[in-house]
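Coming up is one lone chain in structure tokens, specifically the form predicted alone.
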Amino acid sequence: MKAEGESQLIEQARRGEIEAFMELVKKYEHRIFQLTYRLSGNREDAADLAQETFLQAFRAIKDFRGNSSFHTWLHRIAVNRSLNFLKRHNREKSYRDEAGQIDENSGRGRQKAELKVASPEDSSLSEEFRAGLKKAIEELPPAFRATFSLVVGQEMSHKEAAEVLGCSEGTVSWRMHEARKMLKKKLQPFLT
């Protein structure tokens, strides 16, 4: 299939042409995976969320009206899927914690952290900083993490991020300011 404009691919996909939709998937799969990974913090979950995003987009493309760009529409689906996943995951974790069960993920994380502390020569400061930054981003409240991931990770303008998130540019600016403050506080040990 020769390269065609995005709007033509969208129209073909709306008519049910799977090949056209697959071209759109190829164009956006890397960015959507990056976004879902930044939001979920886990490769397997991110892959599942990206796949769910494209499946939902495929099912709903006939309803896509073009009120926003396809890029924005697709990112909105990915953010909503990811935020719903995080809410569900946090509820399940809360339930397990209340039931007195051990959270296996946090146990594994503690073991890894203990190993790093026990052998600091095995990792450079930049690797520790990257790990600290990743953890700090994962600990941001979901709305702040989504905003930060869109603006920093996806390099969207505040206006584009506001369209994806369904909020005002002012809200995006405030969330970015607050997210940076939270990250700076969590990363203080690396900054001294």
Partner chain sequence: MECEKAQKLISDWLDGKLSRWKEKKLNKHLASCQLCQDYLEAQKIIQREALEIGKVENPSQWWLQFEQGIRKKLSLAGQPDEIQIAGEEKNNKKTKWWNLHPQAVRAISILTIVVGTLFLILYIGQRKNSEELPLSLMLSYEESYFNLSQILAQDEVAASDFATNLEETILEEIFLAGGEDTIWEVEYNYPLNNYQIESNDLRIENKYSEESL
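Since the model is a prediction, treat every value here as computed from it, not as a measurement. Numbering follows the first chain given and starts at 1.
Same protein, other form: the form predicted in complex with the partner chain, not shown, and the subject of what follows.
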Contact test in the model of the complex: residue 178 vs the partner chain, heavy atoms, 4.5 Å: yes
4.5 Å heavy atom contact, residue 128 and the partner chain in the model of the complex: no
Contact of residue 70 with the partner chain in the model of the complex (heavy atom, 4.5 Å): no
Contact label in the model of the complex: residue 9 to the partner chain, heavy atom within 4.5 Å: no
Within 22 to 51, the residues that have a heavy atom no more than 4.5 Å from the partner chain in the model of the complex: 22, 25, 26, 29, 30, 33, 34, 37, 38, 43, 47, 50, 51
